[in-house]
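The form predicted alone is given below as one chain in structure tokens.
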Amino acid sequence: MTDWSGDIAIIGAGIVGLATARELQRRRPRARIAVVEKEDGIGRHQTGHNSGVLHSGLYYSPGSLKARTCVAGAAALARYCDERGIPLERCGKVIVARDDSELDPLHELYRRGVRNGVDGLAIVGPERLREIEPHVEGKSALYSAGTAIVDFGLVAASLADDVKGAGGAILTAHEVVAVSETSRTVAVETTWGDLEAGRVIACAGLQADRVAALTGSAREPAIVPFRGDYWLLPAQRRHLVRSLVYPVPDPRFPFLGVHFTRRLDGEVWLGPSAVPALAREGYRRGTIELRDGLDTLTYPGFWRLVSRHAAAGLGEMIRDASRRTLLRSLRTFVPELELSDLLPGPSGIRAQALARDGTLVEDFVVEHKGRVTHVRNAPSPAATSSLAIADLVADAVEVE
């Protein structure tokens, strides 16, 4: 028995899946579209566990999907928030060079941002940096005036309302367990019932490789989860950070390093760490899921990554486990910080695609196999890029 049948089924009710459903429904008003989600609500993982930064697009390789969709997506999402009355604050961001060795990489980051079409970038000296962030020290900084903060959970809820308002269905508590394709349709078996659609789009985030395997696609690149733990400034110390304060990133890694993030509610988050997790959805320290742990620990790419970056990985693990070590890193930006300023905060899991040779997959990956489209790698800045990723996927589906 088929419980739902229609034109397009989208697996995953994170912000990318919801944005894709909304865009397809906008283009095809008469289409029957359903979003299938294994949790009992929307946006429960990467969408609901991120720092809330609307990235400007200055980090990513010119011409890459991340660069193109981040710049376009940030502009589109800002317009969307304005139309829907969703709070968004352009608090700005400084990327701080702490010593002379970071000046050349800082200027290269500026040039990359300009090539990517990011507006409002400027290299500033220590005096101007102090005007922007009075408690931050550095030799120089890249100032991105247009970088904003937003609550992506509110955005996801609005997108879900758009989908339902246009006649689409959002089927929560429907975990996909099997997918089979015929010459004309795709059958999707879930724990709550079966669906049949002419087309399936998988935006499964932390489970992207497993959903791909259900359709007969390759399991690789595999998803290797990285947990990031945050700390919070006490309310009486939030004045130490006015906006967003980031380090000059290490180009060998997709992570942006320990930083300071102001939130819409006034909180200031410190961190995150970036350590391999043994549970794809384990937001508490020490959480282990047997299947998740075995998948990571038996994957050759993981051990090649570890051997290649052993020193950096060990440093992350020490910083994650030791508040004093983390404090030393943070004080290179804000010397006034004290150990008592680090209060336990939230954590998130990054769904990072990893190749068998141990290479971290840097760009977004979208694959097509028959009647199924897979968004295979969509970590940060996927939330920022969500409306642009939706455009890209919808364009590909329309061509076919």
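All figures in this text were calculated on a predicted structure; none of them were measured in a lab. All residue numbers refer to positions in the sequence shown, first residue = 1.
Only in words, not in the display: the form predicted together with a small molecule, which the text now covers.
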Original post:
If we take heavy atoms and a 4.5 Å cut-off, which stretch out of 355-363, 22-30, 330-338, 35-43 is in contact with the small molecule in the predicted bound form?
Top reply: 35-43
Original post:
Of the options L121, L326, V211, A160, which one has a non-hydrogen atom that comes within 4.5 Å of the small molecule in the predicted bound form?
Top reply: V211
Original post:
Can you pick the one in A204, V96, I223, V155 that has a heavy atom within 4.5 Å of the small molecule in the predicted bound form?
Top reply: A204
**OP:** May I ask you to state whether Y230 is within 4.5 Å of the small molecule in the predicted bound form, using heavy atom distances?
**Re:** yes
Original post:
Quick one: is E175 in contact with the small molecule in the predicted bound form, heavy atoms, 4.5 Å cut-off?
Top reply: yes
Original post:
Given that the partner is absent here, does A13 sit within 4.5 Å of the small molecule in the predicted bound form, heavy atoms only?
Top reply: yes
Original post:
Is H374 close enough to the small molecule in the predicted bound form to count, meaning some heavy atom within 4.5 Å?
Top reply: no
